[in-house]
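Just the one chain here, laid out as structure tokens, in the form predicted alone.
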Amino acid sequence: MGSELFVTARVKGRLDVEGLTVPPGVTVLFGPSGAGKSTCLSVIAGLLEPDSGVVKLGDVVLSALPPHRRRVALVFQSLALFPHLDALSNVAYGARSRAEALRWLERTRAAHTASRRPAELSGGEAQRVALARALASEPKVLLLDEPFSAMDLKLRRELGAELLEVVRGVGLPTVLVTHDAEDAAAFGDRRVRLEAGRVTLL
């Protein structure tokens, strides 16, 4: 199993989080738009330097490392797949080999998309490919920023259940951001609410 993620971070006017812990499994970070959810992900990933605070994974101080050395995978709402590459090549971009990439496509139930480009994928298929690409890079932490927001309720529920199964299997501390309270209740092992940059409910 992976180590516990610990976050204390302040970004003036945007985020003031004290002692947020994320154990292996899915922690849902939810709250209204502008609450600081994506800011928190950016701090963890190293894309935004906080005014003060620390990000740790077990005994490793991630905030002392540049983003490319943190082993943090971030899946954006847009999924950000390479449009000119097929699904297998997208996943192989971060994997040790194409064989390993194919194993992750199989694990996320997307092996049938291997030869198709992103424009040929459904929303659910693209989400599975993006998740496979993130996990193929062997991250220590997984961050998901509104990954299901463009999908209908039935598909969100199906993919949320699949996501939980995969993430629990690899034992990663995972933060999933959503603004939807029902999604928050359905998707995570635990839930944290942000309002105006502060944790208001654990």
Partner chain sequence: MNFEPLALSFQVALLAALVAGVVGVGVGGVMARTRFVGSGLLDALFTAPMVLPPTVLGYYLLVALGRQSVIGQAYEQLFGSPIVFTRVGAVVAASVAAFPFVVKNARAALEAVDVRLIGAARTLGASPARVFFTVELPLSVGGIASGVTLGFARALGDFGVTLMVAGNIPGLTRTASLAIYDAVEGGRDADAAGLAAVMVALAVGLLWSVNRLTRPRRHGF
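Residue numbers count along the first chain shown, from 1. Remember, it's a predicted structure, so these values are computed and weren't measured experimentally.
Keep in mind that the form predicted together with its partner chain is missing from the display, and what follows is about it.
Using a 4.5 angstroms threshold between heavy atoms, G124 stays clear of its partner chain in the predicted complex. At a distance threshold of 4.5 angstroms between non-hydrogen atoms, H68 is in contact with its partner chain in the predicted complex.
When contacts are judged by a 4.5 Å heavy atom cut-off, L105 does not count as touching its partner chain in the predicted complex. Under a 4.5 angstroms non-hydrogen atom cutoff, its partner chain in the predicted complex lacks L88 among its neighbouring residues. Considering its partner chain in the predicted complex, the lone stretch of 133-141, 26-34, 157-165, 172-180 in range is 133-141 [heavy atom distance within 4.5 Å].
If you take 59-83 and check each residue for a heavy atom within 4.5 Å of its partner chain in the predicted complex, you get P66, P67, H68, V72, A73, L74, F76, S78, A80, L81, F82, P83, in sequence order.
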